[in-house]
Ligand code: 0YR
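Here we start with a single chain on its own, the form predicted alone, put down as structure tokens.
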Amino acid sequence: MKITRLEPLLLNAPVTRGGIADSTHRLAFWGAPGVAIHTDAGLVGYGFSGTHAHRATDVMILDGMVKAFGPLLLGEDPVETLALWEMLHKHPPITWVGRAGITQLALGAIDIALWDLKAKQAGMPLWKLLGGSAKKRVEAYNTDGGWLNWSRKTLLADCRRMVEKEGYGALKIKVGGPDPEEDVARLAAVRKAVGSKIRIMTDANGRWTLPQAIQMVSQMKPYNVTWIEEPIYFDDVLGHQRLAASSDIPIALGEQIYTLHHFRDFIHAGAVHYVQPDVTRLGGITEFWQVADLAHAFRLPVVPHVGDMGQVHQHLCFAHAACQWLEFIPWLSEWMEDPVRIQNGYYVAPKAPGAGMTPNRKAFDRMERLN
């Protein structure tokens, strides 16, 4: 099987209720610049990245996939996933201009598409190709009810619905708003609404300074928070290390980390407790697996950042021993042939061959095809 063509794709999926916000971002659409890798065997592999649907950055990612990486892949065997990743990752003109950001987002989509092809050729869902089991229990925690722009009334109604009607045992709410007292009040109200047995994760999206984070963590402690995610600036290893040393609430982070080596630094510094790699930011499944292995060696749990790439991350969670929980955000699922399924708060292992990235007819009708 040989690669014959790379086709750029761009899907913009509407988010919940027309717009969501956290402490640093506000968006109405989730951008999914992607690639279809065609082969002479007739199989097509699909991979997508995730953005805030900014046209200029989406086009740069697509150019990276097709114009920078694409010529290197033509004529290659897509099953040679590890060798191809090394070749693309170390290609001198690309490493010279960037080893993170746009180049990694482009590489991530390509690597996902290559693994999608590999699993399709094997006739297996990706989790099975990777050695996982459908018997494994992967618990979902729902983020889509906890946005910072929801009123307190809406926030509480969503959290009650997720717990009482949909069976979730864990949920995440956003913090880092302009009024710290309101952050604490919202957290207290959610805890009262869902009871003491439901896990509550919180996420500040890098909003606070270190002194603010120390103070806020102290005020959040009475509400039995599972973790505080990205409390301070994303790249600050020493700051997270100092916060971890002073905090009784575990730290989660990883969605803004683009390399195995940066994860290594956070882990070695004791600056993270829940490791949250994102397959689209890390350059794909290949490097995600390396990060998960590293975390597992330190007996740290891996809880992937979905945002929204649960279609792929569910496969990795069913396969890797370090993964027990996975975030749920629904925006892309309805656009895929084999959408994510959750029953009573747990992911259901996909059955279709591949990595879960094949768009459905509705998605093809919506997508821009940019050849």
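One-based numbering along the sequence shown. Bear in mind that the values here come from a model prediction, so they are computed numbers and not experimental data.
Keep in mind the form predicted together with the named molecule is missing from the figure; the text below concerns it.
- With the named molecule left out of view, the stretch that reaches within 4.5 Å of it through heavy atoms in the model of the complex is, among 335-343, 63-71, 317-325, 24-32, 24-32.
- Across the proposed site, 52, 147 and 255 without exception bring a heavy atom within 4.5 Å of the named molecule in the model of the complex.
- Though the partner is left out of this view, residue 229 does reach within 4.5 Å of the named molecule in the model of the complex, counting heavy atoms only.
- A residue is said to contact a partner when one of its heavy atoms sits within 4.5 Å of a partner heavy atom; residue 20 meets this definition for the named molecule in the model of the complex.
- The named molecule in the model of the complex comes within 4.5 Å of a heavy atom belonging to residue 174.
- By the criterion of a heavy atom within 4.5 Å, residue 103 is excluded from the residues contacting the named molecule in the model of the complex.
- Think of it this way: in the model of the complex, the named molecule has a heavy atom of just one of 247, 205, 142, 286 within 4.5 Å, and the residue is 205.
- Whereas the shown form places them at one spacing, the Cα atoms of residue 308 and residue 44 lie at least 3 Å closer in the model of the complex.
- Between this form and the other one, the CA-CA gap for residue 308 and residue 18 widens by 3 Å or more, being larger in the model of the complex.
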